[in-house]
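First comes one chain, alone, set out as C-alpha cells in the form predicted alone.
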C-alpha cells in the first residue's frame, strides 16, 4: 500500500497526528509519502522510512498571493503518476482535500482514493466562514471517504454542513511507549523542589486556548500550595500569558520553554496539566499528559469529555470558570490518594483505548475498506 499524507507542518494537533500516523504506518510496511510546504512537525530530517515531498510555490508577477492549492494539486498528481499512490490522505478539508480532488481529476483513474480527515477548526471555524463554506462542503462531498477525530466533530459536521456522506470516527492516539510516567530524563528536580507541585500547559497559544486562564488558575493554586508553572509551546498569545504572569507576581515561578520536540521527557515531570480551552476538537495535548500519568483539569468543551472522564482522570469545568478549575486542581494536588488513583486511571485509559497500534490499525483497515470500493 502506498499512502500520500497531506498536512500542515506547524505545531498543532493535525500536524502531530498526521506525522505520527505516517511514521506508524511506515513501521508496518506501508510506503508513506508526506506532502507539505515544509517538513511536518515531529518529522526530523531525512528518514529512510518515509519520503517527504516539499511543495515549492514559485512567485509569479500575475499572482498577488501564491496559489498553493494548485501547486499542491500538481505535485500530488505528478508524484501519484510516478509512484502509483493508492490513497491521498488529506488532513484538513481546505486546501488539502481540494488539492487532492484536483489531483484525482488530473489523473482520471480509479486511484488514488481521497480520504479526508476533519480535525476541528476546518469545521468549526474556517469552514463556517462564508468565504469558504461552499468549497469546504464540496471538498467533503467529493472525498471518497471521511474520518474525524472525535464524536463532537462528527456531530458538528452534520449539523453545520448538512452532508449525507458517512463519517468514521477514529480518535487521536498516543505512543504509550514514548509517553509514560517513568522514563529516562524524567527528573522533576529540574523544575521544582520536592515540596513544590509542577503545573503544566502545552498548546499553540492561539486565543482559543485561553492560556491566560492557565495563569489565573495557577495563581489560585500557588496561593494555597507552593507550585511552579511550566509552559510548553509557542504562538500569538504567548506574550500576553507571560505579561499576565509578571503582573500577578508569578514571573519567578513561571518557566516558558517554547516549542519542544521531546515533550515526553517534560510532561512526565508534571503533577497536573491544565487545558482551559474555549474550543477543543479532541485534546491531543491532554491525551499525551494522561499517557504520562498526569491528571488533567480543563474545560467542558468539544471533544474533551470523550477523553477526560470527569472524576476519573481529572475534572472538567465550564469555559472561563477559573475558580472551579482552581478548586478542582487543589482537590487533586492536596489529596495524594486521589492524585495517585487519577494518574493510574489516566495511564490505563490511554493504554486500553488510545494506543497508537490499535488506532493505526483502525486507519489501515479503513484504507483497505475504501480501496475495495468500486
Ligand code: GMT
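Fair warning: this is a prediction, and the values are worked out from it, not measured in the lab. Positions refer to the first chain, counted from 1.
A second form of this protein, the form predicted together with this ligand, is not displayed here; the remarks below concern that form.
**Student:** Would you point out which of 277-285, 95-103, 137-145, 245-253 contains residues with a non-hydrogen atom within 4.5 Å of this ligand in the predicted complex?
**Tutor:** Of the options, only 277-285 has residues within 4.5 Å of the partner.
**Student:** Judged by heavy atoms and a 4.5 Å cut-off, are 42, 233 and 267 together in contact with this ligand in the predicted complex?
**Tutor:** No: none of 42, 233 and 267 comes within 4.5 Å of this ligand in the predicted complex.
**Student:** Is there a heavy atom of residue 149 lying 4.5 Å or less from a heavy atom of this ligand in the predicted complex?
**Tutor:** Looking in the predicted complex, residue contacts with this ligand include residue 149, since a heavy atom lies within 4.5 Å.
**Student:** Please check if residue 222 has a heavy atom lying within 4.5 Å of any heavy atom of this ligand in the predicted complex.
**Tutor:** No, residue 222 stays farther than 4.5 Å from this ligand in the predicted complex.
**Student:** Do residue 80 and this ligand share at least one heavy atom pair within 4.5 Å in the predicted complex?
**Tutor:** Contact with this ligand, no.
**Student:** Indicate whether residue 227 is a 4.5 Å heavy atom neighbour of this ligand in the predicted complex.
**Tutor:** No, residue 227 sits far enough from this ligand in the predicted complex that none of its heavy atoms falls within 4.5 Å.
**Student:** Heavy atom within 4.5 Å of this ligand in the predicted complex: which of 180, 197, 75, 209 fits that? Just give me the one.
**Tutor:** After the contact test, the surviving option is 209.
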